[in-house]
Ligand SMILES: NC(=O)c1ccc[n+]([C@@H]2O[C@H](COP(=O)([O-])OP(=O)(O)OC[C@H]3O[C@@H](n4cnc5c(N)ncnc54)[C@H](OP(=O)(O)O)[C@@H]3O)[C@@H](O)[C@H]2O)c1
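Listed next as C-alpha cells is one chain, alone, in the form predicted alone.
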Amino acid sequence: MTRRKIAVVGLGGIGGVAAACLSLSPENDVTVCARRQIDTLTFDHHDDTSRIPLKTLTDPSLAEPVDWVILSTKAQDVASAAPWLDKLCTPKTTVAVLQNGISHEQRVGPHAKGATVLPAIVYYNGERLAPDHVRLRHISGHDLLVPTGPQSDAFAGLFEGTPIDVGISAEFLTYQWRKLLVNVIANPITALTRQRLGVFQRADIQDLSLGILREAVAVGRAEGAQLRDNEAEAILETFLGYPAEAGTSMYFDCLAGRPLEIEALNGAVVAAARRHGLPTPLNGAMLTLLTAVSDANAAGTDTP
C-alpha cells in the first residue's frame, strides 16, 4: 500500500489536533513541521487520552515534496511558513489551508510553487495545553468544511476513520462568511476581555456582538454570500450554545503575548467594506484596539 505523504505545518491547537487525527490512519505518512522537536503528542478527545508518536522536522532545508500540506499556522504567519512550502510543494501537491478568515488562495498561492490551494473552514475547537499536548472539542456539525472540487473527496479521505468529520459544500462562500461572522465576535471579545466564551452570557456583550455582526453581514452580502435576513441574530443564538469553558485562538495568543490574526478577521471585514463603500465602525474599533495589542505583543516576543 502506498501511503499518502502529508506534512502538517504549524503545531498549535488546530494543527496539533489535525496531526494527531491524521496519524491515526494507517494510510497516512505524517510529518510535522515545527519549531521544536516533539517525538510524542498527547491527544485528548472526549474522556480518552492517547499518546501518538510523531515524525518531526525543525529545519525546512531537510523537507521533501509531499502529496498534501496541511497549513495550520495563523494567517499572519504565512510568509514565515514560506521556506517550508518551498520544499514541500510541487504542482502535484495540494495545500489545505486550515486558517481563520477568507481569501486563503490569495494569501497562500504566491508561496505554494504551483500547488493547488484548498481552503478549509475549521469548526472544531483545538486547544494546545502544552507544546506536546492538544485537546479536541467538537462544536457542532462538521469539524472541517471544504468547497466542492476535484480535491475535496481526496481531502475528506485523509481523515476517514479518525475523529475529524469533513464536509463538502457547493455553498462554501456562504459558510465561509458565516464562520467569519462567528470569529469577528468570538476572537476579539475574548481577547480584549481575557475571558473564555462564558463572557457572551452578558447582555451588554450580546448587544455589542449584534452590532459587529450586522456590519459584517452587510459586507458579506456585498461579497456574494447568501446570508439570511436574520443572519446576525441566528449566528449569535448558535454561538451562545458553544461551551462556555472553550477559548479562542486569539484569546490564547493574547494570554501568551503573541501577535494576533486580527487582519484576517475584523480586518478582512473592514477591507471588504472599503471596496463596497460600506461603514463598519464597530469592526474598525475592534481592528484598531487589537492591532495595538498585537503590535505590543510582537515587540515583546520573537518573530513566529
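What you see is a predicted model; the values in this text were computed from it and never measured. The first residue of the sequence shown is number 1, and the count goes up from there.
Missing here is the form predicted in complex with this ligand; even so, the following discussion is about that form.
- This chain is displayed alone, yet in the predicted bound form one of Val269, Val69, Cys33, Ile262 has a heavy atom within 4.5 Å of this ligand; that residue is Cys33.
- With the partner omitted here, the residue from Gln176, Thr190, Asn125, Ser209 that has a non-hydrogen atom within 4.5 angstroms of this ligand in the predicted bound form is Asn125.
- Under a 4.5 angstroms non-hydrogen atom cutoff, this ligand in the predicted bound form has Ile14 among its neighbouring residues.
- Mapping the unseen interface onto this chain, Ala81 counts among the residues with a heavy atom inside 4.5 Å of this ligand in the predicted bound form.
- A residue is said to contact a partner when one of its heavy atoms sits within 4.5 Å of a partner heavy atom; Asp77 meets this definition for this ligand in the predicted bound form.
- None of the heavy atoms of Ala186 is located within 4.5 Å of this ligand in the predicted bound form.
- In short, of 99-107, 227-235, 154-162, 195-203 it is 99-107 that has heavy atoms within 4.5 Å of this ligand in the predicted bound form.
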